[in-house]
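Here we start with a single chain on its own, the form predicted on its own, put down as structure tokens.
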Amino acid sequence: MAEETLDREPTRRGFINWFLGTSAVAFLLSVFYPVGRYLIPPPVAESTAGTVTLPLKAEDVKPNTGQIFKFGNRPAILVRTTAGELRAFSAVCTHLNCTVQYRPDLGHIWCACHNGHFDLNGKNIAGPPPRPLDPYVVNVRGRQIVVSKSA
């Protein structure tokens, strides 16, 4: 009977084994949890914004210039061509989601990440982008510029 009570009593060796085991599990969790969160990011809700009124006035956008603006939670680009026409596109490159910019010296939209080029219709003309930029509809109402998703 005395031997049975000795076996059930906690020992230093048992405590150290338990402590080292839980420490190892805590360490592995602290390493693999952030890695897992990085590899599987949480879902981000898509913006439901269908129309944006820009803070710019139509006459402030000069020919052969471009302006980045926020369309919902994504960047977009407004371009005034040399002929004076306003055009808008998603400013997210279709290659690796970099933000594109208008280059007046080239006369078209350019992605600096991997030297992607888009014409003023949003069509990919050079570099690695696999498809054109998403176009938006531009309307000038009085002095305001209203950009909306195409139907």
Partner chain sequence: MRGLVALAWLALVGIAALPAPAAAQQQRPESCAACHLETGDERLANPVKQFGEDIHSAKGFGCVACHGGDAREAGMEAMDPAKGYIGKPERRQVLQVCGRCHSDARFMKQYNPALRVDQVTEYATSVHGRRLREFGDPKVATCVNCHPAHSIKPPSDPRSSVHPLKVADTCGRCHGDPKYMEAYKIPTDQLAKYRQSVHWRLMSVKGDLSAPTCNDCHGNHGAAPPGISWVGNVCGQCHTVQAEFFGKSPHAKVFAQMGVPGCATCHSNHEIKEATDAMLGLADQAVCAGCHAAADKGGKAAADMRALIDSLGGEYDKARAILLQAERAGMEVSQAQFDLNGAKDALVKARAAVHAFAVAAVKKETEPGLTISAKAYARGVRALEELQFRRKGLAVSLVIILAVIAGIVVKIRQLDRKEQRTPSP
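Numbering follows the first chain given and starts at 1. What you are looking at is a predicted structure, and each value in this text was computed from that prediction instead of being measured. Whichever C-alpha set is largest while still superposing within 1.5 Å between the two forms counts as the rigid core.
The same protein has a further form, the form predicted in complex with the partner chain, not shown here; the description that follows concerns it.
When the partner chain is considered in the predicted bound form, only one residue from 86, 96, 56, 125 comes within 4.5 Å through any heavy atom, namely 96. Using a 4.5 angstroms threshold between heavy atoms, residue 26 counts as touching the partner chain in the predicted bound form.
Remark: residue 110 counts among the residues lining the partner chain in the predicted bound form, judged by a heavy atom distance of 4.5 Å or less.
The closest heavy atom approach of residue 121 to the partner chain in the predicted bound form falls outside 4.5 Å. When contacts are judged by a 4.5 Å heavy atom cut-off, residue 13 counts as touching the partner chain in the predicted bound form. Residues 69, 70, 73, 74, 75 of 63-82 are found to place at least one heavy atom within 4.5 Å of the partner chain in the predicted bound form. Residue 142: CA moves less than 2 Å between this form and the one not shown after rigid-core fitting. In the core-superposed comparison between this form and the one not shown, the C-alpha atom of residue 34 has shifted by at least 2 angstroms.
Put the two forms on the same core and the Cα of residue 130 is off by less than 2 Å between this form and the one not shown.
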